[in-house]
Ligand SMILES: Cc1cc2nc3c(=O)[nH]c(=O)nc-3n(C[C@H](O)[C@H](O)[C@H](O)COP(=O)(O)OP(=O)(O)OC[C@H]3O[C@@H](n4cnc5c(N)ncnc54)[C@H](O)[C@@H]3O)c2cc1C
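Below you'll find only one chain, the form predicted on its own, shown as structure tokens.
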Amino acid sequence: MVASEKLARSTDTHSVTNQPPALQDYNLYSNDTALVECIKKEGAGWAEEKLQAFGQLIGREETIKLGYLANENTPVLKTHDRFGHRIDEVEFHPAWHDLLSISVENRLINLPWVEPKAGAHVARAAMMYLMVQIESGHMCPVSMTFSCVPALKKQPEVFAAFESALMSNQYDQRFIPAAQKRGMLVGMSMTEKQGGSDVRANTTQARPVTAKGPGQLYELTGHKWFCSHPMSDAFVMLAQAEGGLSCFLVPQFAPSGERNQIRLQRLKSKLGNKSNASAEIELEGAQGWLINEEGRGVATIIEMVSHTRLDCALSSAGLMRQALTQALHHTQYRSAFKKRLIEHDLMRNVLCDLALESEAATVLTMRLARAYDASASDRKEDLFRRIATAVAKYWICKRAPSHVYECLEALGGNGYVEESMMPRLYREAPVNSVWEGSGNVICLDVLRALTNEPETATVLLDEIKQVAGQHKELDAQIADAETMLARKSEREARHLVEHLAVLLQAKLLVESAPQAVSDAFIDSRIKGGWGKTFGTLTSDVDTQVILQRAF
């Protein structure tokens, strides 16, 4: 056998067959039928061109690669320089900065504040939902910066000092005083070792530097168990002042221009969210401005909390959509047992079930974003936003991990390796349930809303009842919801919130999706007989319509 024949034979085993092509250079927006329809339905049709361009940008091979690089090259804590000087900085890979540049330049941090018009929250929500599919970790500082604005506006003179940088669309990574920057990011540091969700148990102390009162400078001393994105230009914090738990804006640089007394003790080693840094910090007399009155800390941040909850729901919906997209792409190309995976009835059942869950999450988050657009002028929308934000945050964030896992399984072993993106999506999925209130905290907040603002129940039911009479199964479950709402039982709070979430999703699908989609959702999620895992839809489901719509 001649050498050339030996070489040809030795390389035969390296021919690649039955593998899907890379999913890249596609438009994440235009390929998402449900999202495109939501944009028109929820009042953001004016943003269509912007969303088309954004979807194309983030679907490029080079943009997708940034997500991998930012997670493969995780942040590094630098407490001291080589001469022994304390510097307390975190070093990020250039891909992290490139991702933040894309998000900031497209105004994910401030679009509704800069363009306060109908549909602005919906347009921004759509971009959040899309961008998280490329890389989730950097969305943490994006969300916090966006969400802090309503809180800071409660202290106009403090907000005015940073307004230009907060309303900018320029990402400026330089570590210098915020007043000297083209744009800034704001982080949050609420949680303490002994407190967790119970922020009233915080022990960090705040004392006035000279005078006390709103807008005055205080010194904060204490320990924060979680500081999200410690390289932010300023942080919203809670601390105990003489008048009780209070809200402060604490900058990286004190008003004197010197480094503030914020010490980074260590970075958290987390399950997911690897590209983003979360730190434990020590405040050694760090200076910050009091926002609103002493003792009004929780009341001051409540609007900020609402916006971060919306972003949690959006992020989970985005993770679900990307996981579904990966599963659909893989099964269209991969063959097993003489057929493409997507041609097998059982796989089609699984994919259809996953598609229903993803679309339901999408329509609920976009409807919720519209409530944020309308809440300033419409009392009913404001009440709907109050309760539906908690309902959506609880349910969509709870559904995401199992949904992403099932999508991962559709790829088999290929889905278990890092190059597939699926492990990263799976690790990211739990964080949104944990962020800003675990499941129980959110459910208790729903009960609090029902007790303190009884109108929320009426508004929520009125929303669902807009499709009353179209499905007897749906009507029966609405009646059950009314009974549970009247009881307001803490023991069954999770059952109540789950029930309300599914009813809202069903109502929205009946309004906007093809009948094959809404019928399949109602028959499985509401009528009963649905299994404990995805892929147990009944045989009369129109899989062709659902799968074509999904991808």
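The shown structure was predicted, so the numbers you read here are calculated from the model rather than taken from an experiment. Just count from 1 along the sequence shown to find any residue number.
Another form, the form predicted together with this ligand, is not on view; read the next lines as being about it.
- Within 4.5 Å of some heavy atom of this ligand in the predicted bound form lies at least one heavy atom of Ser189.
- Using a 4.5 angstroms threshold between heavy atoms, Glu436 counts as touching this ligand in the predicted bound form.
- By the criterion of a heavy atom within 4.5 Å, Gly195 is counted among the residues contacting this ligand in the predicted bound form.
- This ligand in the predicted bound form is approached by Phe226, whose closest heavy atom lies within 4.5 angstroms of it.
- Distance criterion of 4.5 Å from any heavy atom to this ligand in the predicted bound form singles out Val431 from the list Val391, Leu324, Met139, Val431.
- With the partner omitted from this view, the residue of Gln261, Gln265, Asn440, Ser402 that lies near this ligand in the predicted bound form is Asn440 [heavy atom within 4.5 Å].
- Contact annotation for the candidate site: Arg107, Asn292 and Val298 all lie away from this ligand in the predicted bound form (no heavy atom within 4.5 Å).
- Stretch-level contact check against this ligand in the predicted bound form with heavy atoms at 4.5 Å: of 208-216, 369-377, 270-278, 477-485, the positive one is 270-278.
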